[in-house]
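Taking the form predicted alone, here's one chain by itself in structure tokens.
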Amino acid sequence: MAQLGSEAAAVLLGLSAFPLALVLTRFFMAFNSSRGIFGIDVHKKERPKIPEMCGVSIPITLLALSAVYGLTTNGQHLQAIAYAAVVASTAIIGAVDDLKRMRGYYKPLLGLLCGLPIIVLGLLYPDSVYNPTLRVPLFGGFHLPVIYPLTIPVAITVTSNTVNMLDPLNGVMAGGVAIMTGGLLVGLLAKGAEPLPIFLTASVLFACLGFFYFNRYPSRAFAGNVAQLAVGGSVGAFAILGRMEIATIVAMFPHIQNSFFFLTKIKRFAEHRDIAAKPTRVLEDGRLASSGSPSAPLTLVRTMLVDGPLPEKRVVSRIFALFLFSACLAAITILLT
């Protein structure tokens, strides 16, 4: 294969994530259904059973394409290995949680370990994996040779778990991440960035879109923690390896907002399934309404219902509008960095 390196080649390789994720998702829908792996769509009055863990197609796609990228580029195989290690480790944690139901605080703690491959490879091969200079829009770079690597495990566990926390309605996780990575990709292309961040962003974008085809309303496939944690881990990894940390934080504003709301109310790491008082309820006409319980957690979805009940599709549209706004700001951030 010819050496990949140009922006166009990086985008084309990332674009191939769409058909691959699409085919894999369809496969896992049938495979998981045959083995009784289902989830309940609690936001539907009929509470239908939906094939669960079908989002494993996303980390598989990202791992396959990162291997191709690492093998077909000069001097970037270490970054591809570091990225793949983060995606694989977060996916494994998510799969274990799907199958064994871990306690709420286990995922954040285990997530800290998922950032270690980037640190270890960075120590073994200085200046070949990540750059400890944090670039801030309008203010230039701040060289942080000690602090920066120490924050990498925190960054990976934060991004993986915040994405994991915002997948309450059909299509929200995959669609929201697709919108935010789309904004980042536009900013990178407009600035003429290096091929690596373009490829990493494009692959996440199109892998999420491939899964979104089956996950959108009304959902025919659920992602599972295996996909949610892996997608979040990939976001944290490409922010570090692609040197777009600040822009990624801006793009993730809806995730950050949701996590902030949840943690300020609950004040601990907890699984939604372990919380008795739910943030929303389904009315007789199928619309979603805010929970009347004062002990129910505050979430982004619940804030969307503060003015009154709404159909699920309307709530999802409002969340996507928020992602679109943050994605536009992220693109501008890249151009100003």
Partner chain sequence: MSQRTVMLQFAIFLVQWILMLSGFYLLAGVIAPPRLFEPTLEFGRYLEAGLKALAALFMSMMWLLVWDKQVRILFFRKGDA
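Residue numbers count along the first chain shown, from 1. Here the structure is a predicted model, which means the values were calculated and not measured.
There is another form of the same protein, the form predicted together with its partner chain; it is not shown, and what comes next is about it.
A.B. asks: Tell me the stretch among 114-122, 166-174, 92-100, 141-149 that has any heavy atom within 4.5 angstroms of its partner chain in the predicted bound form.
C.D. replies: Within 4.5 Å of the partner lies stretch 141-149.
A.B. asks: Suppose contact means a heavy atom within 4.5 Å; in the predicted bound form, does that hold for all of 137, 261 and 336 with its partner chain?
C.D. replies: Verified in the predicted bound form; spot residues all in contact, yes.
A.B. asks: Under a 4.5 angstroms heavy atom criterion, identify the one residue in 288, 298, 56, 50 near its partner chain in the predicted bound form.
C.D. replies: Looking at 288, 298, 56, 50 one by one, just 298 meets the 4.5 Å heavy-atom criterion.
A.B. asks: Could you tell me which one of 129, 179, 246, 84 places a heavy atom within 4.5 Å of its partner chain in the predicted bound form?
C.D. replies: Going through each option in turn, the one that passes is 246.
A.B. asks: Tell me, yes or no, whether residue 292 is in contact with its partner chain in the predicted bound form, where a contact means a heavy atom of each within 4.5 Å.
C.D. replies: Residue 292: contacts its partner chain in the predicted bound form.
A.B. asks: Within a 4.5 Å heavy atom cut-off, is residue 257 in contact with its partner chain in the predicted bound form?
C.D. replies: Looking in the predicted bound form, residue contacts with its partner chain include residue 257, since a heavy atom lies within 4.5 Å.
A.B. asks: For residue 302, is any heavy atom within 4.5 Å of its partner chain in the predicted bound form, or not?
C.D. replies: Although its partner chain is absent here, residue 302 would touch it in the predicted bound form, with heavy atoms inside 4.5 Å.
A.B. asks: State yes or no: in the predicted bound form, is some non-hydrogen atom of residue 12 no more than 4.5 angstroms from a non-hydrogen atom of its partner chain?
C.D. replies: Heavy-atom contact with its partner chain at 4.5 Å: absent for residue 12.
A.B. asks: At 4.5 Å, heavy atom to heavy atom, what parts of 309-325 sit next to its partner chain in the predicted bound form? List them in sequence order, or say none.
C.D. replies: Heavy-atom contacts to its partner chain in the predicted bound form: 314, 318, 321, 322, 325.
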